[in-house]
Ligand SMILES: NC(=O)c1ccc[n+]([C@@H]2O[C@H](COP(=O)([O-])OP(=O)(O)OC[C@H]3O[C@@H](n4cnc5c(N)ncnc54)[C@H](OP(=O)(O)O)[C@@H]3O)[C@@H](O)[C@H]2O)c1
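Presented below, as structure tokens, is a lone chain in the form predicted alone.
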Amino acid sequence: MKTALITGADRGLGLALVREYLNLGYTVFAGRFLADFHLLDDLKKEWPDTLHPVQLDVESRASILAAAQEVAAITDHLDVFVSDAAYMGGPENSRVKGEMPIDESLLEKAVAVNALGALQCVEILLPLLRKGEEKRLCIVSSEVSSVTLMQRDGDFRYCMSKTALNVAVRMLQNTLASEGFTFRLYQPGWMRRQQPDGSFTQWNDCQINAADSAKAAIPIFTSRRPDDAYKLELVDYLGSVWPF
């Protein structure tokens, strides 16, 4: 039985990735966090035997530990971990020319969710992942994580947290590659936001469907490369490689 755990699966890309892995024949543990979203429940009706929603707040170590116990009660291994849960950073501060409004509490929360959340999930789930055959860790990052291409003059919290996430993934690879673990770092594009009723909002014509990004991610997430042990790339939904 192939197994995967996906965080941030209430909506959008996470939910779309759950569906993709179910279609591939995986038993999927879907991390749920948003109380007003019930889209996973609807999907559970389609896949009653292989979809297992689990309560999972990646900012809370206690929540991750409880989710790991729930997973371990059903399976003795995980083949794939997909980190999709993210905090976008809260409302934007108004900016005045020459000033840099930085909300320290929101910055700390962004780092706690976007960087430390993924890292703690890997740490806590490691006993299950070590027993899996695939040992594949797939991390959803962002185009704003690239220091080389950074041109923004605001939104410190989201950008900084995603860059920290990339560093964490590189260090995880340095630590775990010798055990056969392989890594994928994915830039999913700017996606339309999904609402509790399943509909999507769009603010810009450049935004894409989460389902399309998920379909593009699957070949990246499931592929094997001869240089997997040491090469780490940030790849976007079009297959382009981004500099870190």
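Remember, predicted model here, so these are calculated numbers, not experimental data. All residue numbers are counted from 1 along the displayed sequence.
The protein also exists as the form predicted in complex with the named molecule; that form is not presented, and the subsequent description refers to it.
Proximity to the named molecule in the model of the complex, taken as a non-hydrogen atom within 4.5 angstroms, holds for one residue of Ala211, Leu40, Met191, Ala177, which is Met191.
When contacts are judged by a 4.5 Å heavy atom cut-off, Leu56 counts as touching the named molecule in the model of the complex. When the named molecule is considered in the model of the complex, Phe33 lines it closely, a heavy atom lying within 4.5 Å. Residue contact with the named molecule in the model of the complex: Tyr158 places a heavy atom within 4.5 Å of it. In the model of the complex, the named molecule stays beyond 4.5 Å of every heavy atom belonging to Leu129. From the list 169-177, 80-88, 67-75, 130-138, the contact stretch for the named molecule in the model of the complex under a 4.5 Å heavy atom rule is 80-88.
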